[in-house]
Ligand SMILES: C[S@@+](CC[C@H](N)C(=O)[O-])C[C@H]1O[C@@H](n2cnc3c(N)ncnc32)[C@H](O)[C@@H]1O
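What follows is a single chain, given as structure tokens, in the form predicted alone.
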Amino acid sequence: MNKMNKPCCGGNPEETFSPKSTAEIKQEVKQRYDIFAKEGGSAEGCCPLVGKGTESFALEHGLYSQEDLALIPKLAINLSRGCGNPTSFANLQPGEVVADFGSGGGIDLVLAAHKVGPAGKVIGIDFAPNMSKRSKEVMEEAGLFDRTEFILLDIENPKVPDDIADVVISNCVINLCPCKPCVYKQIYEILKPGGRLAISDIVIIGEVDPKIREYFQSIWSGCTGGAIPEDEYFKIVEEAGFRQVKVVARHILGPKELEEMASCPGKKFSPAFSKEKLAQFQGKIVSTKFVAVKPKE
């Protein structure tokens, strides 16, 4: 999968890596998560942030509380591969319409549906057929199917409907997308004027050897392959038209968390990678949670 002039050795300037095309990246990500969903996920999550710590810690850091987890079917927890809990800082209100970009197994759809109530609606958008199928099972089990709509579609696709959502949430998905400006354009379009977003995602902070980034991009490994610098990420958000961008929580991944994120959705489904190269990302990969607003017209 990599094309190298010399054996992998961590930072050799003579190493070259063959970049993947956008089509290849999309197909590989879709296939990984589709097979993962077909198998029902795994009790061993690739994100160790879910449900950790005290209730106050969970709420402060944009994670799932034990109260949240009590509402969620086991299947959704096994399929969850997020890096936060966007419903905890989205300030969702009864009657609102919430679109989840990259809704996966439905963990955030469940929580959002509880918050918007029977007068509201949640829309799950995902491009992996088995993930969409599983999320329907989850919403049925949770008794929330009647307030849920499912759209099987790539979140970069301009066919995403316009002006239908009050809020967009997304949980550790946009880092997987090769065209992040495309995603934020679609988020902007689906939101009503004055709408808002609440995003949890993976970004890079500090300096990282370009060859290390090229290596992980060449295999598009887990949530490291598509991660970009934080300042570049927020520039994309603002250039899409969003204002009042505010970071509500940040968490630098520890060694175990970093390895699990690089393996998402699990070692069985993702490409093997050099742990020596991954170590050069230590202290540089961050789970960031932020909000922003689409201006009123």
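In case it trips you up, residue 1 is the first one in the sequence shown, and so on. Everything quoted here is computed from the prediction, not taken from an experiment.
As for the form predicted together with the ligand, it is not shown, yet the points below apply to it.
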Partner proximity in the predicted bound form: Thr224 to the ligand, non-hydrogen atom cutoff 4.5 Å: no
4.5 angstroms heavy atom contact with the ligand in the predicted bound form for Arg134: no
Val208: touches the ligand in the predicted bound form, heavy atom cutoff 4.5 angstroms: no
Partner contact for Val29 in the predicted bound form: the ligand, 4.5 angstroms, heavy atom: yes
Proximity to the ligand in the predicted bound form (heavy atom, within 4.5 Å), stretch among 185 to 193, 134 to 142, 90 to 98, 77 to 85: 77 to 85
Heavy atom of each of Tyr33, Ser103 and Leu153 within 4.5 Å of the ligand in the predicted bound form: yes
Partner-contacting position among Cys177, Val160, Ile123, Ile219 - heavy atom within 4.5 Å of the ligand in the predicted bound form: Cys177
In the predicted bound form, the one of Ile72, Val167, Val173, Ile199 near the ligand [non-hydrogen atom within 4.5 angstroms]: Val173
